[in-house]
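As structure tokens, one chain now follows by itself in the form predicted on its own.
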Amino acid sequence: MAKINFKGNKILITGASSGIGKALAVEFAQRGAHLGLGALPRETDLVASVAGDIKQRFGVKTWCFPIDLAKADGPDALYASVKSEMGDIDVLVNNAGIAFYGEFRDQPWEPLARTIHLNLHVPAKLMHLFIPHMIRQGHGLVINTSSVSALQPTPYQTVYGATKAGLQSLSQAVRAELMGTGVTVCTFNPPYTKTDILNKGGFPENLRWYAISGLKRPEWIAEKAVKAFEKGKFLYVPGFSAWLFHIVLVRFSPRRLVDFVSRYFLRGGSLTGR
């Protein structure tokens, strides 16, 4: 992938009211990009505040789209609103997502089904909607927020890891199909990050993995990710330790060992007796 200059691009970011999405918006705005910011309807005031702050600080155009992507017509509603208000976009950032912590067999099915829908169905649908227009304009970029969880088994967050692995595979396959069109698909795969996903998903504070990698700040993740895509990277894992563990060691270690280590380090103190 060639190096990218985001100045003047129109970029749509889902899940942009806080966390990594908000931090990505700031990074893109610093580079002179114009931003469409997606959020939940209950976050209308919050995302409007983010948009106003970015517009004041960086002098770029901003649009807000408080639309619930978890609803059946959510992706289509977002697409229609973006086309109406922004026109054709240059970059789609699929960042919205959720996760829940606990043993697969003990969790209610509804939140797991919602995770599959929001983390995999929604970005796939948005790619399906926006990519044809990117091809017609001869350029475009899709950035999917994946996770290091896509690169290894993730006990106690099984469905989250499965959706991210699916998104990883989808991204790479669609990128291969798009060769020669001027449009490409990239992923970035952050480690654990201090966002609302951990708070709302019931993640324990004492995961053994935190002792190794810590919890990254969204701003740190976003800064490194945008710099990586400016350089033309297809897949980016921020941080040397995350790259070493999830790209190198997982790839070359025996599967049985990977399963054991993943279970040990992802098991929280709230899970006892098994």
Ligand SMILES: NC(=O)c1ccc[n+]([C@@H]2O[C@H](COP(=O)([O-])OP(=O)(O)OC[C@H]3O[C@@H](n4cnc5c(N)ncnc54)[C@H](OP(=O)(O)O)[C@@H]3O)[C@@H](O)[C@H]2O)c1
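Numbers for residues come from their place in the sequence shown, where the first is 1. Note that the structure is a prediction, hence the values are computed from the model and not measured.
Not on display, but discussed next: the form predicted in complex with the named molecule.
K.L.:
Residue-level question: is Y160 within 4.5 Å of the named molecule in the predicted bound form, judged on heavy atoms?
P.N.:
Yes, Y160 lies within 4.5 Å of the named molecule in the predicted bound form.
K.L.:
Heavy atom to heavy atom, is G140 within 4.5 Å of the named molecule in the predicted bound form?
P.N.:
Output for G140 is no: heavy atoms all beyond 4.5 Å of the named molecule.
K.L.:
For E27, is any heavy atom within 4.5 Å of the named molecule in the predicted bound form, or not?
P.N.:
The answer is no: E27 has no heavy atom within 4.5 Å of the named molecule.
K.L.:
If you check in the predicted bound form, is P75 within 4.5 Å of the named molecule, heavy atoms only?
P.N.:
Heavy-atom contact with the named molecule at 4.5 Å: absent for P75.
K.L.:
Sort through 27-35, 53-61, 40-48, 222-230 and report the only stretch with a non-hydrogen atom within 4.5 Å of the named molecule in the predicted bound form.
P.N.:
Stretch with heavy atoms near the partner: 40-48.
K.L.:
Using a 4.5 Å heavy atom cut-off, which residue among L170, I131, L198, L151 comes into contact with the named molecule in the predicted bound form?
P.N.:
Among L170, I131, L198, L151, a heavy atom within 4.5 Å of the named molecule in the predicted bound form occurs only for L198.
K.L.:
Is it true that G102, L207 and S262 each have at least one non-hydrogen atom within 4.5 Å of the named molecule in the predicted bound form?
P.N.:
Zero of three within 4.5 Å in the predicted bound form.
K.L.:
Given a 4.5 Å distance limit between heavy atoms, list every residue of 106-131 close to the named molecule in the predicted bound form, or none if there are none.
P.N.:
Counting only heavy atoms within 4.5 Å of the named molecule in the predicted bound form, the single contacting residue of 106-131 is L118.
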